[in-house]
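Quick setup: one chain, the form predicted alone, written in structure tokens, and binding and motion questions come after.
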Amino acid sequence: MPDPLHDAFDSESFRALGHGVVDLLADYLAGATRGDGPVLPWKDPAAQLEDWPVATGEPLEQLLPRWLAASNHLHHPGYLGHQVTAPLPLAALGTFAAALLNGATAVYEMGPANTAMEQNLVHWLAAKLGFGADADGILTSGGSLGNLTALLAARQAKAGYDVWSEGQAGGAPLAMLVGEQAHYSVARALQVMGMGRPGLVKVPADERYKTRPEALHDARRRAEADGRKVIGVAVNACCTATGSFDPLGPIADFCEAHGLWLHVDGAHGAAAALSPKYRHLIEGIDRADAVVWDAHKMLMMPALCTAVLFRDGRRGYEAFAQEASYLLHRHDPRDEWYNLCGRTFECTKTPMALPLYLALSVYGEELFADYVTSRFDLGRRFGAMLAAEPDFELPVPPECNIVCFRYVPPKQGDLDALQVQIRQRIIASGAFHLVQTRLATGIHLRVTIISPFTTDGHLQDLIEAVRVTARPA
């Protein structure tokens, strides 16, 4: 009698399916990197919903090509959208292999090789930041969880009482000084932690959208006058909106002078550590207490893969200072460093180390250094292109591969509405995918030059596409 369940696990059927899927994806990759077809085949969300009913019996050889055609194509040279990279094909194969074994890395026995890979990777990343031998960390599912993890460790280290055991009533209400350009996940984390809106004390930025170190003193005084105990400072390397890097050295001076935790959200820009040309952008990051670094941004890894790195590795064990007796049997938590669930929000954690470990083993560090340098170089060249055009405004010279700009035609109307219209029309055309952001002077168009296949020529084409798109229909 046929056995559908066992047939679904048949190795030869899997072999045939795998060859077919890889062939399909290889053809897709060839076309996408050439710039074939639209970047994003835009469709109304409600109509998209109707296209994907569940359990229809559609064969794989029809379903996957249809899914590919309807998806956003991050390997396309016209992809200039959000900060999610075009993953290395080898890394995608690593994810494929990891998914089949499904060796969750919460406890060592479920993923012994994955656990060792992860720990060696976080030590390698920490060393790249300039952290010493005492550094440690973990991989987690995205920058938002990474920021929450690091800020929980900051609270436990600096609150002066055990918040896990006693709650917020155990001492004075707490506050964090946060650069006004911080990612929204920082505010979300602090509110999840029960610090409320008053617990997030914003520190103003300068005209280049960098946190002003001299403003930290006033922010601290305001928090203390409100009866709050300041535990630390959270800043950017770099900020999401403009790609501006905060001056980490002077901020570290302030933190050290006042005994405060320094958290650096380096989800995007910490990768500058790999580029000899751009490492100066993160000068002082080695003095941070914790750094968040997304491999799915500037390390060409599939999402999600975020490193949370602690200069003093012991602090990583304090973020989730709880016991689960059926999982953890320890006194000093470092005795069981290999049971990672004690240091992460996840209890079932995907084996996310394998793709990055494979890529570093096969290609070495130089591939990543070259990628970061080339994308940052191109971002700066695009800034120079825009600055040379009389009908474009550049709010700040780009420091990396994030560039904001604004089209300002000779006959000006509602410039904010014009930028929104330009973006909508360009996305609908399928030629490019870009986003928008609101800065002090209004809405701006914003690109992240993250595909390895985007060139100066593509960016010159974008400039012309903006002009053409802005003309009345």
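Start at 1 and count along the sequence shown; that's the residue number. Quick caveat, the model's predicted, so the values are computed rather than measured.
The next section is about a form of this same protein that is not shown, the form predicted in complex with another copy of the chain.
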**Request:** Have a look at Leu439, Leu415, Ala428, Val435 for me and say which one sits with a heavy atom within 4.5 Å of another copy of the chain in the predicted complex.
**Result:** Val435
**Asked** in the predicted complex, which of the listed residues (Ala127, Ala215, Ala92, Ala387) lies with a heavy atom within 4.5 Å of another copy of the chain?
**Response** Ala92
**Item:** Partner-facing stretch of 141-149, 279-287, 234-242, 252-260, counted where any non-hydrogen atom is within 4.5 angstroms of another copy of the chain in the predicted complex
**Value:** 141-149
**Request:** Answer yes if any heavy atom of Gln119 is within 4.5 Å of a heavy atom of another copy of the chain in the predicted complex; otherwise answer no.
**Result:** yes
**Prompt:** in the predicted complex, does Arg423 have a heavy atom within 4.5 Å of another copy of the chain?
**Reply:** yes
**Prompt:** Using heavy atoms and a 4.5 Å limit, would one call Asp36 a contact residue for another copy of the chain in the predicted complex?
**Reply:** no
**Prompt:** Could you tell me if His82 has a non-hydrogen atom within 4.5 Å of another copy of the chain in the predicted complex?
**Reply:** yes
**Request:** Tell me whether Phe96, Thr344 and Pro452, taken together, all sit within 4.5 Å of another copy of the chain in the predicted complex, counting heavy atoms only.
**Result:** yes
**Message:** Only counting heavy atoms and a 4.5 Å limit, does any residue of 357-387 reach another copy of the chain in the predicted complex, and if so which ones?
**Reply:** Tyr357, Leu358, Leu360, Ser361, Val362, Tyr363, Leu367, Tyr371, Ser374
